[in-house]
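One chain is shown next in structure tokens, namely the form predicted alone.
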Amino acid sequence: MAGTARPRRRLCNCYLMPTQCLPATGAPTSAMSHRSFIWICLLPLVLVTVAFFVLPMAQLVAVGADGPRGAGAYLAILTEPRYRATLINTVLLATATTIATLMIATIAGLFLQRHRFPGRAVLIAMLTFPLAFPGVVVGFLIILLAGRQGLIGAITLALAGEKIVFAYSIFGLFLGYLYFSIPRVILTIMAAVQKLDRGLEEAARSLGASPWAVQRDVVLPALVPAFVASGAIAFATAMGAFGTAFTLATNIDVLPMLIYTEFTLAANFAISAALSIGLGVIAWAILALARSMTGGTVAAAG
């Protein structure tokens, strides 16, 4: 009829507010699907963790306590003079390697990150190239440098009439550890330098600070988290490095070589397992301390 007003249709506002048009049962279904997806994603992680970490570590602990000494085997690393001396040698070597690596990598990382010059990319590639080498190859390179038929021996024999050989000494092992530690640290330092606020350095210079003061008071304190993170990784890597020690440590006792000889030559499974647990606990403690100091930014590298 002409005078009758048609009722207005109520349009669904789905295009503007899609959530208002969903059925009431959609939210629980969506939440359940989300939880199922999370559990599906976690399943491989749980399986890998149990199969490759929890079960082997539990078996290692059991083997360490199954020998003639029982659980006392875990104290042997501190009570037996040979094991204690080996632990001290390993810790001192890893500490010296970490300190030297941080010094070299900091200077090189600051320079390479702040300067552009021809051949820079090639130099960075050369510094990080040892990441591709296993420890045995690193040890072989040290032998070629300072072994009985090495380059340094040939030069000193020609100049002084006496061949200098130190590849199989503690210094040769230190050079090997330094060689594979620098690439792991320098990449972290360069990434940290890239994130520094240059405005703070400019402000310090405008207040009359010398270049050395800027580095000491502004740059280095800002790099402390990177130092802690990369230093912990370098220390833990040096503590457990086997390939380089296997090649060079003919007259030196370090924990990885001691574990190897106890396991293969002496067939002392309990002691080798106990020493392995001790080595792992020390490395884990250093990494855990570093994570607590840097807010959980330490990750394994190489």
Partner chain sequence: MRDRLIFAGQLGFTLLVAAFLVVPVLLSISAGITVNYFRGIQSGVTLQWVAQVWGLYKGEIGLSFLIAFATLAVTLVVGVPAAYGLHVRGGRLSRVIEEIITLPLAIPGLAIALALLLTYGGFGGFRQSWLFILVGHTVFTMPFMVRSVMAVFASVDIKTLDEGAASLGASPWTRFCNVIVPNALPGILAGSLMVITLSLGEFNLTWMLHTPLTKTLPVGLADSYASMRLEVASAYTLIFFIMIVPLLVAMQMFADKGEKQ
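Here the rigid core means the biggest group of C-alpha atoms that line up within 1.5 Å when the two forms are laid on top of each other. Because the structure is predicted, anything quoted here is derived from the model rather than measured. Residue numbers count along the first chain shown, from 1.
Below: the form predicted in complex with the partner chain, not depicted.
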query: Answer option from 140, 227, 74, 83, heavy atom within 4.5 Å of the partner chain in the predicted complex; finding: 140
query: Selected contact from 132, 78, 207, 159, since only one has a non-hydrogen atom within 4.5 angstroms of the partner chain in the predicted complex; finding: 132
query: The partner chain contact at residue 290 in the predicted complex, heavy atom, 4.5 Å; finding: no
query: Interface membership of residue 198, the partner chain in the predicted complex, 4.5 Å heavy atom rule; finding: no
query: Residue 126: touches the partner chain in the predicted complex, heavy atom cutoff 4.5 angstroms; finding: yes
query: Exercise: residue 249 in contact with the partner chain in the predicted complex, heavy atom 4.5 Å; finding: no
query: The partner chain in the predicted complex - contacting residues of 269-290, heavy atom within 4.5 Å; finding: 269, 272, 273, 276, 279, 280, 283, 284, 287
query: Core-superposed C-alpha of residue 261 shifting 2 Å or more between the shown form and the other one; finding: no
query: Shift of residue 58 between the shown form and the other one at or above 2 Å (CA, core fit); finding: no
